[in-house]
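The chain below stands alone and is given in structure tokens; this is the form predicted on its own.
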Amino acid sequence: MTQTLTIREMCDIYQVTPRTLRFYEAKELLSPTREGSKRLYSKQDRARLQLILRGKRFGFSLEDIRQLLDMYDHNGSNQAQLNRTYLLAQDRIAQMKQQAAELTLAIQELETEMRGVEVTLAAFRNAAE
């Protein structure tokens, strides 16, 4: 892979739109270099985009993602970044488990309602026969 990628190449590789990349740039999550009006994305930009997309998939806010990315220390152990990531992940898992429990309950309630509707529809069919 070349040292830099154009916006089109980034979109093709990471399955995002140019608008998404420009949005992440406006939010200071990515900082491509410029050659005139052309944006060029470095290896670091590609790594950051992968982390952004993963964070979004896990439900982290863009602000949380930006803060985590900004905590990266090129010369350090990144212990602070890892600690913060761990705490955010624990919180997100708790939220996701709560959402899963709420969805399970909603599914059960809807299935119960559907069984009642099935009985009513069967009664209508039997009455029509």
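Not measured: the values here are computed from a predicted model. A residue's number is simply how far along the shown sequence it sits, counting from 1.
The next section is about a form of this same protein that is not shown, the form predicted in complex with the DNA.
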Check F23, K38 and S61: does every one of them have a heavy atom within 4.5 Å of the DNA in the predicted complex?
yes
Contact residue in the predicted complex, chosen from R34, K97, R54, K43 - any heavy atom within 4.5 Å of the DNA:
R34
Find out whether any non-hydrogen atom of R115 is located within 4.5 angstroms of the DNA in the predicted complex, and reply yes or no.
no
With heavy atoms only and a cut-off of 4.5 Å, decide whether T6 touches the DNA in the predicted complex.
yes
Contact of T17 with the DNA in the predicted complex (heavy atom, 4.5 Å)
yes
Among 84-92, 98-106, 61-69, 43-51, mark the stretch whose residues have heavy atoms within 4.5 Å of the DNA in the predicted complex.
61-69
